[in-house]
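Below you'll find only one chain, the form predicted on its own, shown as structure tokens.
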């Protein structure tokens, strides 16, 4: 979503994104003309009429689980966004019985939250199975 029109999104997808992502982005892009949504999330610059680049991971219940806001010269990391979405989905599907350590990737060791984990997280980080 951005303050750009749907026509700008279409042109950007057809002339730029489709060259980076086969077939273009697999989801609809939305226009926030006037910055109403950006204002709610605190990223709309009213004077400039633009929104700061950011991403918000919102769960099926409408709760923001994660966000990142960057100034325009710094790009976002799509792979990190996907990793975080997968981690949030895993935790949600486990109903809180699993947690993901820093740098977790799908298929790697998860944490089992509880008193017995306190002070022992470092052990997961030092196993060969935790990261590749």
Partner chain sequence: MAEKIKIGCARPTGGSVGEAIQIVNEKSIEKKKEEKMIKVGQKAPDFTAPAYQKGDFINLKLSDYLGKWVVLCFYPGDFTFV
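In this text, rigid core is short for the largest set of C-alphas that superpose within 1.5 Å between two forms. None of these values were measured; they are calculated from a predicted model. Positions refer to the first chain, counted from 1.
The discussion below concerns the form predicted in complex with the partner chain, not included here.
Query raised in the report: For residue 75, is any heavy atom within 4.5 Å of the partner chain in the predicted complex, or not?
Result: Contact with the partner chain, yes.
Query raised in the report: Would residue 102 show up as a contact with the partner chain in the predicted complex if we use heavy atoms at 4.5 Å?
Result: Output for residue 102 is no: heavy atoms all beyond 4.5 Å of the partner chain.
Report task. Would you please decide whether residue 9 lies within 4.5 angstroms of the partner chain in the predicted complex, comparing each non-hydrogen atom pair? Result -> Answer yes; at least one heavy atom of residue 9 falls within 4.5 Å of the partner chain in the predicted complex.
Query raised in the report: Does the partner chain come within 4.5 Å of any heavy atom of residue 83 in the predicted complex?
Result: Judged by the heavy-atom cut-off of 4.5 Å, residue 83 is well away from the partner chain in the predicted complex.
**Report entry** Residues of 55-72 having any heavy atom within 4.5 Å of the partner chain in the predicted complex, listed in sequence order
**Finding:** Those in contact are 55, 56, 57, 58, 59, 60, 61, 62, 63, 64, 65, 66, 67, 72.
Query raised in the report: With the core lined up, does the C-alpha of residue 90 move 2 Å or more between the shown form and the other one?
Result: Stays below the 2 Å threshold, so no.
Requested in this report: For residue 110, decide whether the Cα shift between the shown form and the other one is 2 Å or greater, given a superposition on the rigid core.
Outcome: Comparing the forms between the shown form and the other one, which are aligned on their rigid core, residue 110 does not shift its C-alpha by 2 Å or more.
Query raised in the report: Against the rigid core, is the Cα displacement of residue 99 between the shown form and the other one at least 2 Å?
Result: No; that C-alpha moves by less than 2 Å between the shown form and the other one.
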